[in-house]
Structure formats: structure tokens, C-alpha cells
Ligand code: HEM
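The data below hold one chain only, encoded as C-alpha cells and taken in the form predicted alone.
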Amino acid sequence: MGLSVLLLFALFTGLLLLLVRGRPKGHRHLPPGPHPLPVLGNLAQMDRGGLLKSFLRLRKKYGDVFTVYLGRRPVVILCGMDAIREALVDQGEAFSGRGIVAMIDPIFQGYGVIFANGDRWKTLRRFSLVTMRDFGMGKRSVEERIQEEAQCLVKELKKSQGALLDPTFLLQCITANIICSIVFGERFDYKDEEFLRLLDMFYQTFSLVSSFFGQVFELFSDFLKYFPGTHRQVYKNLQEINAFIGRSVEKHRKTLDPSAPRDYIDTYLLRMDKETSNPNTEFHHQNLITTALSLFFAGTETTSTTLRYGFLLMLKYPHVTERVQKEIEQVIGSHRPPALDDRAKMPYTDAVIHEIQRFGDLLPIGVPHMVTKDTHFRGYIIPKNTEVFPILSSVLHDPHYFEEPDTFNPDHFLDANGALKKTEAFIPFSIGKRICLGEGIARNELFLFFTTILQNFSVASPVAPEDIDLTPRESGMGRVPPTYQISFVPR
């Protein structure tokens, strides 16, 4: 009996020491934050509304730089323009590592241009930037590709004859076809069953990663990965998309013309062939598949979701829609398609698109970073390989830069003379060395698709503007707008 009591006392003492000890020895110089529990980390401090709400609430107590424990791993949280710029720009090299998104990490595993680190990331990013630029400036520029795709969409929308429809997949089709034309050298018909299947898996994956379970999985992936859950559906989806990319790569290899590469995959395969004798090359099959997946997924889902938010906002604020269409009529008219040169003459429309991106706040937590070395930051020491979350939402909704941060208001981007007003706080693509690879393409797509649709159609909804709910359906690592029905009525 005495031995049992002694053992129980020892166990209780051990647990008490764990609770009191809190942070591991190597983490004692991290920025302050709530006291973590063993294994559970800061679960007790997490808001039921999700990670973003939790971080913004903790910011009020701990300031713009603090540490939270997602399960057992420490994550440094950066809020506000000053802290994020100081880290990602002023100390850009130290903060240029890429952290993990637990639910998709089993597929990426540090390969591909988005989730790679070190020399692998630098090599793949440099190659991707040059290659995508070359195919955007070749026989058919990115502008021409977008204009052609926009006209295909106009034809498809006219077939609906103003009937109500869910715009999700059509908006995915047009953005996916732009990146497909660059990466795969082809576009797909909007009725292509395999293409629609891929888009459905992209949509489903983005929603699941952004879901409440996706956020819980981020905290306890080491444990939850062994049990059934939506993470297994995400893995299955991405494996199927990778299989499609693999088949496409094989087709490209059979028809490869070394004298005239047609797209990203062709150019990559030629580089692979040149480096077959280099045992340390980063130009191998796994990096090709994962980079193609990265470009395909990011190039499809982010821009299409922004457009979905955009047209929902146009239904909510019809006076904004009317003013955009008036500017389109004055600058472009109805007899030619919009062109990128028109953007400089259309400050209100440009401001509306900026505000859609700001208000939509598509990646509120940003894609995780990681410090590449022991880093001194604001009097603290962040150990090498510590993850860092730059909370982009804290900048995009900062009242210091935006007078009504929680209200959709295009005037945020217009000066007293009605000209487009630029602000350093407009960072939907992030900033620094890890800024979005496809920022230029995305900005061009948003302008040309948005203006082409509103040039040719009026938008309508059976729901009164005041009753339209803008609350995101999911709001974790990414925001997923609510589903809605819209009518595109030919003008």
C-alpha cells in the first residue's frame, strides 16, 4: 500500500513539474506568450472561432510578436505591418524558410517550389520565375491567354440565358485554364469530366484545410494522423491530382521537342535531361510533380475564390457594380474586350478589385514561414527551424491604414482626386522573399476577368442586397466564401 501511494505521489509530482516547467529549455528566449501545457500546448487559450480569432485575441495581451504552442511545437506569431515587414523584408533571408501545413505535408514533404527550403527552394523559384515569364511573353502573352479565356466564359454564360447558377466551377475553370496553358500547354473544355473532377478536388481540399478540423489537425497532427478524418480525404485528393500530372508528364516526354519547348513541363524535362549526371540536381521527377501541383493548385484556387468573393460583393453592393460598369462604358465601351492598358485609366475599378482582395482576406494567417538560423528579433532569440505565422489579416484590417477595416469600401484605395491610392498595407500576396510566385498573373486575371464579365453582363440575385450574408463558410488557413446563386443577364 505504501509503495502504491509513493508511486502515485511520484507521478503527481512529475506531472506538476511538467506543468510548472512549461517551455522547453531551448525555447526560453522566444517572445512571450500564454503558458503552454505539456502535449496540449496552448489549446486552453484557443478560441472556438478558430486560430485567427485566437491569435488576434492574444495579440491584445501580448503585443504584435508573441509565441503560441500548437500542440508541442512553438510558433511565433507576427501581427501588424511593422513586425511583418521587419521580419519578412528587413530580415528576409533569416525568415525565408517555409513552415508546414500539417494536412498537406504528407504529399509535399518539402518538395516543389512552394514548400521547399534552402537551395532547393532558391533553384526551383528562380527556374519557375524565368520559365513562367518566358511563356508569358512568347507567341501568346498571358494577356492574350486571359482575354481568350474570358471570351470563352462569356459564350458559356450566355448559354445560361440569365438563369441562376453557382459560379464556383466556372470561375475555377477560367483560372485553371490560364495556369494549365502555361504549365501543361493546353486548356480544357468546361464540360471535360476529368477537368471538372480535378477542380472539385481542389475546391474540396481548400475547404477541408480551412475547416475547423483542419485547424485542430494543425495542433495535433502527430496524434490525429493515425485516425480516420478529413486529412485522409485531402491526401487521397492530392494523390489523384498527382497521378493526373504524372500522366501529363509522360505524354510530354513522348512528344518533347528540344528545339521548341511548349510549356513549363517541357522546359523542366529538358533541364532534367541536361542534369542527369548531377547526383545533387534538384531537377528530378518528384520536384517536377510537386511543383506542377503547387502551381496548378495555387494558380486555380486563390484567384477563383477571390473572384467568387468579388461577385458576391457586387450583389451586396449594387451601387458599386453600377459605378464599375459606368467606368467600363466610358473607357472600353462594348465593342472590344478589356485590355491591361485600360487599368491605368480605370482607377475606380482598380480600387474595387483591390478592396475585394483586402476585404476577402483569402489567406488570413498567411502561408507558414520558418527561420533558417537562430535569429535575433526585437530582443528575443528565435531558434533555427521555428515556425513563424505572419498574420496578413492583421495588416489588411488595420484601422491605421484603412478607415473602416471591417467594411467593404473601395474608397480605401482612392485619394481625394479619385486616383488609385497605393498603400504598403495591401499585402494579399504577402511580402519579402516568399511573396506569391504568381502575383503578376493573378493581378492580370482579376482585372481582365472581372471587367469582361461586367462589360457583358448585369448580375442579379433572388436575395435582397441587405440580406446577403458575407460570412465565410470556412475561415482557417484560408477563407472560403459562402456558396450563392447568381444570374448573369446579358447587357
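Start at 1 with the first residue shown and count on from there. From a predicted model like this one, the values you see are computed outputs, not experimental measurements.
Same protein, other form: the form predicted together with ligand HEM, not shown, and the subject of what follows.
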*P410: heavy atom within 4.5 Å of ligand HEM in the predicted bound form?*
no
*Exercise: R145 in contact with ligand HEM in the predicted bound form, heavy atom 4.5 Å*: no
*Give a yes or no for R378: in the predicted bound form, does one of its heavy atoms lie within 4.5 Å of a heavy atom belonging to ligand HEM?*
no
*State yes or no: in the predicted bound form, is some non-hydrogen atom of S430 no more than 4.5 angstroms from a non-hydrogen atom of ligand HEM?*
yes
_Which is the contacting stretch out of 110-118, 339-347, 187-195, 313-321, given heavy atoms within 4.5 Å of ligand HEM in the predicted bound form?_
110-118
*asked:* Quick check on this chain: which one of T302, T205, T386, S248 has a heavy atom within 4.5 Å of ligand HEM in the predicted bound form?
replied: T302
*Taking ligand HEM in the predicted bound form as the reference, which of I332, L295, L199, V371 has a non-hydrogen atom within 4.5 Å?*
L295
_Members of 32-69 lying within 4.5 angstroms of ligand HEM, judged by heavy atom, in the predicted bound form_ = none
